[in-house]
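The chain below stands alone, shown as structure tokens; this is the form predicted on its own.
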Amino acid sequence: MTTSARRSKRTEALEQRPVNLDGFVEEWPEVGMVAMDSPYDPEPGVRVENGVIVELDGKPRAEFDFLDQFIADHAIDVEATEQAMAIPAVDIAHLLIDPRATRKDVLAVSRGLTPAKLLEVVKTMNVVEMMMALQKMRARRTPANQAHATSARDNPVQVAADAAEASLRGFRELETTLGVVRYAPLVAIALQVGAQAGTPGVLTQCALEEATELELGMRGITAYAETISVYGTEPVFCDGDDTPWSKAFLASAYASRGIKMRFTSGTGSEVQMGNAEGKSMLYLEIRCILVTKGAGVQGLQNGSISCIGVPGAVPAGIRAVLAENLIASMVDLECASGNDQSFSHSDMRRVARLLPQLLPGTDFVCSGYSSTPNYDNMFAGSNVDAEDYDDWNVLQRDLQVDGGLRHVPEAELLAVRNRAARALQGVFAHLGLPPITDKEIEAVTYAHGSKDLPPRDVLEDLKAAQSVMDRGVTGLDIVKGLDAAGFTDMAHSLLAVLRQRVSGDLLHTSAILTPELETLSAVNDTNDYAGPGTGYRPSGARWEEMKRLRHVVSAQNPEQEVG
């Protein structure tokens, strides 16, 4: 008589935990399936002759691929490199966490470090030490946050309302993308209008293929760009018909019009595309960071962007993601630090992914907090979404750390969603675009997501989107439409955003606009952290704002809510 093996009740309970739906894989260094410690990563080294780097991390110049050449010629300070490279990695790590050493002291060394040396430095550091270093190395003193505002139906009315709510909640940048790319002009206009309905000065972008994204920026229908991807191996770069020089040229096109932009990269992309050349994910990401620096771009969106499932599956993968954020900041780049894609079924693991950026603060803690429910997120879902707003606010209050957001009473949210939809209704009418009905405005005021909205006439919308491009509609036409519809304050706010491309202030490292429409950047808001009692700390009116939650009761009268 045979009997089946009896299982532990505890094992059965653990098998049902959400974390066991996640994917985990053993390391495979030969194909790059290793986070930050591959036996095939090169040893650090540099040699300079006649002011030219002739050997980089053990490779002579004759054997350089185009990333080696670009990094050697444009990213590494040839006058500082030999002295910087002579400093032991652990001493550089001590410099990073020593509050007596300033951010400027670190930058004087990091400007001369090679990719392999930067890797060696962070390999000496644990996660807590990296967070200590990131707190000092963040470019802008004041942390901020960025949101996604997208719609599974590419519904512009929904995007406008969600953008307005996100703006009012505190996000300083908003990003959208499309399921149907031809919808882009309408959705980009909706994002721009909605962003100014909440809090003035919020910057917007529409993530598309690079030619259309650039044209929308040139026309003033978007205010910044981010999805200009760089990669850590030559074959993967070539798969996109690109080189570091072509990306640098594109960056200069944005700069020529005063448009803020940053590159995008992240650990795991080369593995995902099948050409990691046996190197660790972090080593290849460091090459991307230095290509960004060499191209003269002010910042980088990194943190395993769109690839988090890859490092998230291998040992120390989330540590490597934090390390790439730190290294971007170490070389004086703005860092929009990820947390922008779903990667785990476990709420505990989602928070563990988030805390290394939230606790020390980064220039943008998320480079894509989903302002919609994740079913509407067209970036394949975010690590945090609209249903996490209250949890996020509680974390800020519990730990007194600033993640850029605030609680907003429901009445204010309903009012701003309605106002954004009505403003877009007026702009569409002014531009001769398909009408937005009062029924749509009523629905979107109270909606959670696209499932709660009436469908639009997609064919007419797509015809209208093409007409926006054919007629040469610009940001100034949107300003005129807002003014004509009676939303003069929003028109002034949008015009102030457009004026920034004349002043060029948004080209400064880590620039944002405050609600008062003043530029805040690493130039006039330099991170001055120098240990306990220094640097940015939530205080005054901001701390009082962070104390407010959906349900806070009076200490004198527990029956009365004061939140």
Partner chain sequence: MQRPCNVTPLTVPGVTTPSQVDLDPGRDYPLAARRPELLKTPTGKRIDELTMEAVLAGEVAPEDLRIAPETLRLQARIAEQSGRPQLAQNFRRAAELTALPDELVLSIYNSLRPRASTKQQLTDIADELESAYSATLCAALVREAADVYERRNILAS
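Only a predicted model underlies this, so the values are computations on that prediction, with no experimental measurement involved. Positions refer to the first chain, counted from 1.
Missing here is the form predicted in complex with its partner chain; even so, the following discussion is about that form.
- Though its partner chain is absent from this view, in the model of the complex it lies within 4.5 Å of a heavy atom of just one residue from Gly294, Pro434, Pro200, Gly112, which is Gly294.
- Site annotation in the model of the complex: the residue of Asp98, Glu120, Asp483, Asp385 reaching within 4.5 Å of its partner chain with a heavy atom is Asp483.
- Its partner chain in the model of the complex comes within 4.5 Å of no heavy atom belonging to Tyr375.
- In the model of the complex, its partner chain sits beyond 4.5 Å of every heavy atom of Lys279.
- Although the partner is absent here, Arg406 sits far enough away that none of its heavy atoms falls within 4.5 Å of its partner chain in the model of the complex.
- Although the partner is absent here, Val180 is not a contact residue: none of its heavy atoms lies within 4.5 angstroms of its partner chain in the model of the complex.
- Contact check at 4.5 Å (heavy atoms) against its partner chain in the model of the complex: all three of Asp65, Arg103 and Thr509 pass.
- The candidate stretches are 157-165, 88-96, 338-346, 242-250, and the one lying within 4.5 Å of its partner chain in the model of the complex by heavy atoms is 242-250.
- Contacts to its partner chain in the model of the complex (heavy atom within 4.5 Å) from stretch 262-287: none.
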